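Below, in structure tokens: the form predicted on its own, a single chain.
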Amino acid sequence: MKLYNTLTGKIDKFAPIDPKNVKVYTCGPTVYSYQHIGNYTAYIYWDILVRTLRLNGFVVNRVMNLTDVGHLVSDRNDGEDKMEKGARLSGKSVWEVAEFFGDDFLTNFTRLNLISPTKIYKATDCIEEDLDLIRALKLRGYTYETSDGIYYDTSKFPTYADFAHLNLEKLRAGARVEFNQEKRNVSDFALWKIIKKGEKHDMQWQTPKDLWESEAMGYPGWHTECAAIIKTEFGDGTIDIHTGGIDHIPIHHTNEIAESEAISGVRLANYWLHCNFITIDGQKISKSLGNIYTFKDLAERDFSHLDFKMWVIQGHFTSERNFLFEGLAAAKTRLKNWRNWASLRHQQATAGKKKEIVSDDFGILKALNDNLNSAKALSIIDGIISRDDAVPTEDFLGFLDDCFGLELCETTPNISPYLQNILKERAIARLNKDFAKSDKLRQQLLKKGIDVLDTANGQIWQYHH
């Protein structure tokens, strides 16, 4: 199995530390609003990763977070907390916002038939862990205080710029006028933010006296959260895989590395996987452009979660994708064809003797092992479907569901005995050359959502939707 590794900048052979406990961390969403379809793209790609690892016999222990505090509008600790912004815009309390949009995300996660992580952490459930991490960094001399919080001194971590290949001199030269003058370096980041007098922030916790001498309330920085969760769940050792979006590379993941490795003294992760963006009609997804689509918007156009999942896995996680409804319609048709083909397993007796697919995966897993090349795997399956002698077995459909989670077994049930009898009656009518009755029965079946095709081997039905 090979994966493109941001850490090395090349496709590396995957060698887990412990095949029976492959440690994977996924950066989850900030739950201050509805997630748009671009947000879910990453989780679909990482689902393919987990499925491929499992098909290779690895036992996957994956942890994901839900950010419900501390992610400011600017990733560099500027502006309003996104959760507070969500509460202000919705008229709900920040706690209500976190619960509502967190539940909405997990509902869509399930409807996409994504494998649930071993454990999901909410940021607000890990405050003590955040503070323990900050204590460990303070003990090692990596922190300092400003009037608005406890900061990480990036100059103390010599390899800070390495992961994202940052040009710190250029970053300093381009610092904005409103750059926090109390920060020692433009790249320094907040580990814990102090709530100043008159500042509104509903999510707040007492700042311990060993970290801040005066009485003050505060909340954790966004980057602190992920590093603390990884340390809590996996300890101070190296994990196998860390996933996220390419936008995480220069700040969020760079800061995670600085926090974690300053404490542990070892590499945070051996493999870093980052997915690229999707655009809408060739433009960046943006509320100001009005090109944000949610699953509710897709449903109004008669597209399902699994239609979108099929669209996503037709591409590659490292490639920028342009979303068009024409492309989604093609993915919907492809999924429909797969389901109709899957329905053939119920028709072997009436469709004539067919050659069955039993155990050979035709190179599907090999394609997935080649840097998660799901597009190639899908094309292999299309080739199998196009063959006249290919009828899937239950086991083969189960294998495909293990690969992609498209619910081929669940969504292609056998038709009812009533409809089976109509099919038999129609077959007899054709045998007797009673084509008027045959056509009448075909229309009757069509009204029930079943389309009948007449082939050299007899009639074959498929779902009409």
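For every residue, the number given is its place in the sequence shown, counted from 1. Computed from a predicted structure; not experimentally measured.
Below, we refer to the form predicted in complex with adenosine monophosphate (AMP), which is not included among the displayed structures.
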- Task: Choose one stretch from 324-332, 159-167, 243-251, 95-103: the one whose residues place a heavy atom within 4.5 angstroms of adenosine monophosphate (AMP) in the predicted bound form.
- Result: 243-251
- Query: Is residue 51 a contact residue for adenosine monophosphate (AMP) in the predicted bound form, using a 4.5 Å heavy atom cut-off?
  - Reply: no
- adenosine monophosphate (AMP) contact at residue 26 in the predicted bound form, heavy atom, 4.5 Å: no
- Task: Consider residue 32 of the chain shown here, and say whether it contacts adenosine monophosphate (AMP) in the predicted bound form, taking contact as heavy atoms within 4.5 Å.
- Result: yes
- Please check if residue 393 has a heavy atom lying within 4.5 Å of any heavy atom of adenosine monophosphate (AMP) in the predicted bound form. no
- Message: To verify the annotation, which of these, 277, 212, 205, 362, has a non-hydrogen atom within 4.5 Å of adenosine monophosphate (AMP) in the predicted bound form?
- Response: 277
- Just give me the single entry in 305, 231, 82, 183 that has a non-hydrogen atom within 4.5 angstroms of adenosine monophosphate (AMP) in the predicted bound form. 82
- Contacts with adenosine monophosphate (AMP) in the predicted bound form, stretch 29-48 (heavy atom within 4.5 Å): 30, 32, 35, 36, 38, 39, 41
